[in-house]
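The chain below stands alone, shown as C-alpha cells; this is the form predicted alone.
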Amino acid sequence: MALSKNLSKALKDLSDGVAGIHVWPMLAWQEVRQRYRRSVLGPFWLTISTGVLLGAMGPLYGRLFNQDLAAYFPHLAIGFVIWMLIAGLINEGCNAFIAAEGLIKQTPMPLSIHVLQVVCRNLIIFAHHLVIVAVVLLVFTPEFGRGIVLVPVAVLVLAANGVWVGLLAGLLCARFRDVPLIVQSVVQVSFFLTPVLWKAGSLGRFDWVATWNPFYHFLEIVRAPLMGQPVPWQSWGAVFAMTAVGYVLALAFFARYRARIAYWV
C-alpha cells in the first residue's frame, strides 16, 4: 500500500514537472545566460572552441587511421557533437538536485523540474553546436535518405533518457557524493570505447565492442541518418529497451527516496 502511494506521488511529481513547461525552460535559459553573461558570443564560444578542436582532430585522426577525410570527418564531427550532448546529460544529471539545493529547500515545486531544467539546458547548448553539424553537412554533403526525418525523434529520445538518468543519478549522487566522480570517470573512458574517434566497422571480428556498448546505439540513431546511412533496427530496439528499463529503475528509486532528497542535499 505504501509502495503504491509512493509511486503515485512520484508519477505526480514527474507529470507536474512536465506540465510546468513555463518554468524549467526559463530556468535553463537563465542558467545559460548566467554562465556566459557579459560575453559577446555567449554559448557560441563553446561552439567555436569545439569547431576548432574538430578542425584539428579531423585531419590528424583521419591520417592516423588511414581514413578518407571526406568520409571520416562527418563521422567524427557529428559523433563528437552528439557525444557532448550525451555526456552533458549524464554528468550534469548527477548534480541536478545538488545544484538546486537552494530551490529545493526554499521553494515548493516538483523535484523533477530540476532534472528537466538540466535536460533543457543541454538541448540549448546542443542547438548551438548544430552550427558545426550544418557546416559539416554543407561541406561534405551526404545523400540523405528517408531516415533523416527521424533525427528530431532520435534527439527527443535522447532527451527522454536524460530525464530518467537525471532522476536516478541525481538521487544517488545527492546521497553518495563520490558517485559523480565515478560517473565522470566512466563517461571519460566510455568516450574512447564508443565509435566517435573510430568506426565500428574497423574492428573486424571485434565489432562486438561497439554492438554491446549502449552509448553506440544512442549515438547511431542520430548520426547515421545525418550521414545518409540507415539506422540498424538493433539500435532502435536497444535504445527503446534501455529507455523502458531505465524508467522502471528510476521511478522505483524516485518513489522510494524522493522525500529524502531535501535532506540529502
Partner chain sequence: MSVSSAHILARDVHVEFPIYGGRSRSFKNVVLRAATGGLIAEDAAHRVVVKALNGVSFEISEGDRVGLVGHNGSGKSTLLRVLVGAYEPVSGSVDVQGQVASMLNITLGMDYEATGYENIFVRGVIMGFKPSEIKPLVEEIVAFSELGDYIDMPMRTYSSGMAVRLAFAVSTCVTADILLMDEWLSVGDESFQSKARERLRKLVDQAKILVLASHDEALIRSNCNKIMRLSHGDLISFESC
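Positions refer to the first chain, counted from 1. This structure is a prediction, so every number in the text was calculated from the model and none was measured.
From this point on, the text means the form predicted in complex with the partner chain, which you will not see here.
Handout entry: Interface stretch in the predicted bound form with the partner chain - options 108 to 116, 80 to 88, 147 to 155, 132 to 140, non-hydrogen atom within 4.5 Å
Key = Of the options given, it is 108 to 116.
Practice task
Could you confirm whether Ala96 comes within 4.5 Å of the partner chain in the predicted bound form, counting heavy atoms only?
Solution key: Judged by the heavy-atom cut-off of 4.5 Å, Ala96 is well away from the partner chain in the predicted bound form.
Practice task
Indicate whether Val187 is a 4.5 Å heavy atom neighbour of the partner chain in the predicted bound form.
Solution key: No, no contact at 4.5 Å.
Exercise for the section: Indicate whether the partner chain has at least one heavy atom within 4.5 Å of a heavy atom of Lys9 in the predicted bound form. Expected result: Yes.
Exercise for the section: Classify Met242 as contacting or not contacting the partner chain in the predicted bound form by the rule of any non-hydrogen atom within 4.5 angstroms, answering yes or no. Expected result: Result no; Met242 lies far from the partner chain in the predicted bound form.
Handout entry: in the predicted bound form, the one of Asn66, Gln234, Gln34, Ser49 near the partner chain [non-hydrogen atom within 4.5 angstroms]
Key = Looking at Asn66, Gln234, Gln34, Ser49 one by one, just Gln34 meets the 4.5 Å heavy-atom criterion.
Practice task
Have a look at Ala159, Leu193, Ala127, Leu103 for me and say which one sits with a heavy atom within 4.5 Å of the partner chain in the predicted bound form.
Solution key: Spelling it out, the residue with a heavy atom inside the cut-off is Leu103.
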